[in-house]
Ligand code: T46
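Just one chain is shown here, as structure tokens, and it is the form predicted alone.
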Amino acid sequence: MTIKELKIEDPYSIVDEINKSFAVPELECVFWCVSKNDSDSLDFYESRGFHKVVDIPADILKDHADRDDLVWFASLRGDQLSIPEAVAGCKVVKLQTIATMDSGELSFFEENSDIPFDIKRIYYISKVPEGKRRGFHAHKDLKQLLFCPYGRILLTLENKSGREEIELSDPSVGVIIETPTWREMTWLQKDSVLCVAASEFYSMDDYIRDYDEFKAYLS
């Protein structure tokens, strides 16, 4: 894996610095470090979901042998660096993620901690052709976390906050739906996978499958 250490003077420039670095085709990972005493910079990176990394290459650590106060962050090619806080009033979240230099990333979430509900059911949709649209329903009470562990899926959401779209293409980015919300999903890439963590067991009575009925339900 081709890697690069970034020298970051201004945390607010991090997205531009990462994007410029990945203009080099063979580069797969960039990383940077912050002093544990620099609480403002740490808060900035952590609040924006940048991933911490623990397996820094030995030859890089040699350059920082005199420092034992460093926290390391990394971004792998394909990470979604800028995400909205919400889409149609539904919270967009960065799942906790641990990056490794040559072995990808591990993302995870915990009920009533990273997501605001108990998890009763997990399901996923796979083997969908490119261009296929699914969904076309809402739930009355069900709460869900939706994320795309592989591929690219366009998620269209509509509720009392309006109608908006977000592309899910980073496995560490998810959308939490807590209110009655009409959803449509368009597969932008063949065989993309949509994974859902749900707050309740399956109930046919919780579904609203008619759009006009959904609009009436909201009013």
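Since the structure is predicted, the reported quantities are computational estimates derived from the model, not experimental observations. The first residue of the shown sequence is 1; numbering continues from there.
What comes next is about the form predicted in complex with this ligand, which does not appear here.
Engineer: Quick one: of Met185, Ile176, Cys33, Cys29, which gets a non-hydrogen atom within 4.5 angstroms of this ligand in the predicted bound form?
Structural biologist: Answer to the contact question: Met185.
Engineer: Taking 4.5 Å between heavy atoms as the contact cutoff, choose which of Lys132, Lys91, Arg121, Lys140 touches this ligand in the predicted bound form.
Structural biologist: Checking each option against this ligand in the predicted bound form, the one that comes within 4.5 Å is Arg121.
Engineer: Based on heavy atom distances of at most 4.5 Å to this ligand in the predicted bound form, which listed stretch, 66-74, 37-45, 161-169, 177-185, is the contact stretch?
Structural biologist: Checking each option against the 4.5 Å cut-off leaves 177-185.
Engineer: Contact with this ligand in the predicted bound form for Tyr211, defined as at least one heavy atom pair within 4.5 Å: yes or no?
Structural biologist: No, no contact at 4.5 Å.
Engineer: Please run the contact check for Tyr12 against this ligand in the predicted bound form: heavy atoms, 4.5 angstroms, yes or no?
Structural biologist: The answer is no: Tyr12 has no heavy atom within 4.5 Å of this ligand.
Engineer: Answer for Ile153 alone: is it within 4.5 Å of this ligand in the predicted bound form, judged on heavy atom distances?
Structural biologist: Contact with this ligand, no.
Engineer: Since only the chain is shown here, I'm wondering whether Val53 would be in contact with this ligand in the predicted bound form (any heavy atom pair within 4.5 Å).
Structural biologist: No - in the predicted bound form, heavy atoms of Val53 and this ligand never come within 4.5 Å of each other.
Engineer: So which residues in 179-218, when you check this ligand in the predicted bound form, have a heavy atom no farther than 4.5 Å from it?
Structural biologist: Read in sequence order, the residues that approach this ligand (within 4.5 Å, in the predicted bound form) are Arg183, Met185, Leu194, Val196, Tyr202, Tyr207, Arg209.
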